[in-house]
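Given next, in structure tokens, is a single chain: the form predicted on its own.
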């Protein structure tokens, strides 16, 4: 391996992976038990292909939001080797900003008259708010501790998270705020039998509501009820993740970020402004969290904004980053999608209450840490750490 190259380290392999310790044996037994329960439910007809497809589509949409948030954790860890536990509160800032923007548009009538423009401006508002909070965190809480032992920034991040939660609580109150209902109709000439109503004695069909609508669809002969917003969120998040990957791989700033992740001192000697690169990293992470927050609250059923709302998405996104491989950008993308699908498919597949989906998420984290401590894709490490 040449000096300065990057390597992906994986531990274990083959059958040895399952017999390295008593903990591996317990984990293997538990995993086999889950497989047995799932197969039994499928064989008994308690879980059908229709349920799987319905849950899979929703899980991909939810998982894509986890991926956007997880990328913020991964980017910061890749540069500073610290976990930004206040990232969930960066997400909350975007949700609140998006709520107030959309609420203002709804009250003024702008949302009803210019729905698409209102949504785009809401995304812009949420992204800017999250970026501002992320940059303030880096400048106030993390930069003064950059050369401190790694435990100190970690404790500071937890403190910053609690501080931001209390700040939101004082500013906005403890009551949850409901995101305004959004309806965006498209292609009335194509979908001539959807969203029809009588106005002044004349029937008008508005087309497909791609935000709030839910429609019967037949796929492979299986009748499903799907929300177009699930596909919009999924493909929108994929596009954002692709754009981030291209930015990191193809741009001068992206190359500087990779260089700083390798060695800050050497990068500084080569003329790279390390502080600027770190701020850029927080800007990217904040923008992703803000976009994810607006996507999250737009989905019908998720539109409750409160001061503590970022905690569970933040923890889930951190879990996704660990499952995929902390510090690994493709790993964070995969981990979020994997976790979203597991949360959605797992409860009905195992025959348990949907309220136990969090147990499935963190149970998967434990299993991954047992069998693959560096995640599915492996933690990206510099040569000096291998």
Partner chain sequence: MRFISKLSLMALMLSLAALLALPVAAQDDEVVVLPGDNIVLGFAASLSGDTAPFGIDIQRGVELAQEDRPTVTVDGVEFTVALDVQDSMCSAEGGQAVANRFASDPDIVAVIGHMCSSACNAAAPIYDSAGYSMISPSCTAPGLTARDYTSFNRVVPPDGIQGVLAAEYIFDVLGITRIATLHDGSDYGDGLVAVVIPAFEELGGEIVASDAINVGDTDFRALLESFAVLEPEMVYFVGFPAEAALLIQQFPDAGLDDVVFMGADGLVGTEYIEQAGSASEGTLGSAPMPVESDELDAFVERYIETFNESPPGPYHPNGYDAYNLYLNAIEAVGFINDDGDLVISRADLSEYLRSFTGYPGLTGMLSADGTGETSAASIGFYQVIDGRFELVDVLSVGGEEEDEEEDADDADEDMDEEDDSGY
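Take the two forms, superpose them, and find the largest set of C-alpha atoms that agree within 1.5 Å; that set is the rigid core. Residue numbers count along the first chain shown, from 1. If you're wondering where the values come from, they're calculated on a predicted model, not measured in any experiment.
One more form of this protein should be noted, the form predicted in complex with the partner chain, which is absent from this view; the next part is about it.
- Looking at the partner chain in the predicted bound form, residues 55, 214 and 299 each place a heavy atom within 4.5 Å of it.
- Interface residue among 251, 108, 204, 175 relative to the partner chain in the predicted bound form, by the heavy atom within 4.5 Å criterion: 175.
- From the list 276-284, 113-121, 225-233, 127-135, the contact stretch for the partner chain in the predicted bound form under a 4.5 Å heavy atom rule is 225-233.
- Taking the partner from elsewhere, residue 328 is found to have every heavy atom lying beyond 4.5 Å of the partner chain in the predicted bound form.
- Contact check for residue 344: a heavy atom falls within 4.5 Å of the partner chain in the predicted bound form.
- Although the partner is absent here, residue 354 sits close enough that one of its heavy atoms falls within 4.5 Å of the partner chain in the predicted bound form.
- Residue 348 belongs to the set of residues with a heavy atom inside 4.5 Å of the partner chain in the predicted bound form.
- In the core-superposed comparison between this form and the one not shown, the C-alpha atom of residue 44 has shifted by less than 2 angstroms.
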